[in-house]
Ligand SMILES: Nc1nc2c(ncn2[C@@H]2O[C@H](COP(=O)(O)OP(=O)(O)OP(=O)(O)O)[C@@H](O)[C@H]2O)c(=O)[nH]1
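One chain follows as structure tokens, the form predicted on its own.
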């Protein structure tokens, strides 16, 4: 059975880890009759969180697609992870969702993970509702959580629809100001009994209801006129006004619930069905590299967007997609806008976690699954033949940490790389890099937990052992003063030999520095180096002591030494070299001789010119609560970090610091431990700065020792 666009609701369950998203999803499915028994995270039998690692860990790692039928509608539900290590799953879910359901733990209120997710809600302009969950917890604070929501997300936009009559162990009653009724739940949860609102609460409920009516009327001139004339709105008019306000992010309704006892979820399902926007109510989709937009219309040309790809044993690639326009039928053949390849949708499915149900048709706005697309990947758009359009790509966050990886032996290297490339295909937030600079294979990810998951999958699923090792640091080498040096390369092996003598001046280079006054500059080249910085190469030979035909060989010899610097084998930058004298031989001189002579002269001169080792410095932005701020700052000081500032961000603190990359290995794990998972950080490259003298000496000694052992 296919559903019309106006009868489809796509919701993403969002929130910090531990707020109860997976349990709430079970309640939604149970209330809709999609399952006959609610599973639990503890028992490992929920519809989402169905992979072995999720069951072992007891929390979501992957986004899970499910669906439920409610009245005449279909509600697609995407349960997302709460740890920011898996933020890529949140990004892909928000790309295709039409409503975000943000769950908050009534004990903890607005947590750091909530703030992170909200940034993406604003980016995608996703209409959203809040659910204050776990109000049955003994330390639940509904009113305090409401204050935090208002403070962080807009006092005038946050619109409570309900409130609990009491919180903690005795919670079983919700006052619903939208329906102006009270729901009393049995001890086991489930279907509540509707009762009149008590006299003591009627004033508060009526005031809340009036605010809703005004908010609904503000978004439509016709409704506003009716409101002024009648002083109120009918139930249908109120629903329509709220739908418009939610769709435009003018209001964010707030509900309360206990997912563990299944109290409140059915009412929220009804609100999603009756009032939350359908795909047809959302703005037309943005297109990549175009000002045009694509309306969600099942009568248009068919276009589908692949928002997620996974690989399953015995199945191969499984593609999750949203139909943005038109109607997709099984056996339809569409064109991939990226590579112009043809793809046949042999089978269409709707998902219920790991289970899939085959369907024949999906209309615009619906979310589905297919298998065995040959050359289609995440972020690809496929359309009817002759239609050339690309849905705007998802932008995934840059990696925050990195590790080097090694296989057990040479025989496992090929298997390891094949497995890593497959996982990289599934996870756009993971980057695999073969670093020529560091001579290591690097994995870049969102956090230590993210990378540990990759290791688990490599070893358990692909049966390849791999080790994480500390990545090397891409230092830079430069000089602080000038030096004159020379080197003669002379080699006689019978017959023609090799001879070349080069005299050079080596000094630091800065943009716009004057030419040397005591040398006659015949030619100069300012070259941008591939690794950053510059080489200024001056040809100052007078009288023909070295033929100019050897200048390229001399420059090549210098660049070779700059690629593997004299101190630690790191790249050299920002140096001026003036070739001012030398000797050549009519028979024995050649390019090789001058290349070797120049390289050795550069190396000797570099060591005499006040050599300095530079290290990459990163800017850190850390968001944390007051109670862990001192511990985090203390840890930063042990990492040679400089605290640049502290500012309030809502009811959180933002620490800005600068720290050497060499000190940030496994910082993600340390921060999670210090904050009990309630802090987040972002890092970005800032500059290169001089390594402290004592540390520079240790690094040079370690490099020399490694060369001696090689």
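Note that the structure is predicted; figures quoted are calculated from it, not measured. Residue numbers count along the first chain shown, from 1.
We do not show the form predicted together with the named molecule, though everything after this point is about it.
* Are any of the heavy atoms in residue 60 no more than 4.5 Å from a heavy atom of the named molecule in the predicted complex? -> Result yes; residue 60 sits at the interface with the named molecule in the predicted complex.
* To do: Mark residue 56 yes when one of its heavy atoms lies within 4.5 Å of a heavy atom of the named molecule in the predicted complex, and no otherwise.
  => Judged by the heavy-atom cut-off of 4.5 Å, residue 56 is well away from the named molecule in the predicted complex.
* Using 4.5 Å between non-hydrogen atoms, is residue 137 touching the named molecule in the predicted complex? -> Yes, residue 137 sits close enough to the named molecule in the predicted complex that at least one of its heavy atoms falls within 4.5 Å.
* in the predicted complex, residue 12 touching the named molecule (heavy atom, 4.5 Å) -> Result no; residue 12 lies far from the named molecule in the predicted complex.
* Asked: Out of 453-461, 542-550, 389-397, 80-88, where are the residues with a heavy atom within 4.5 Å of the named molecule in the predicted complex?
  -> Every other range fails; the passing one is 80-88.
* To do: Just give me the single entry in 303, 258, 162, 114 that has a non-hydrogen atom within 4.5 angstroms of the named molecule in the predicted complex.
  => That would be 258.
* Could you spot which one of 657, 66, 41, 671 gets a heavy atom to within 4.5 Å of the named molecule in the predicted complex? => Going through each option in turn, the one that passes is 41.
* Within 461-482, which residues come within 4.5 Å of the named molecule in the predicted complex, counting heavy atoms only? -> Going through 461-482 in order - heavy atoms within 4.5 Å of the named molecule in the predicted complex - there are no hits.
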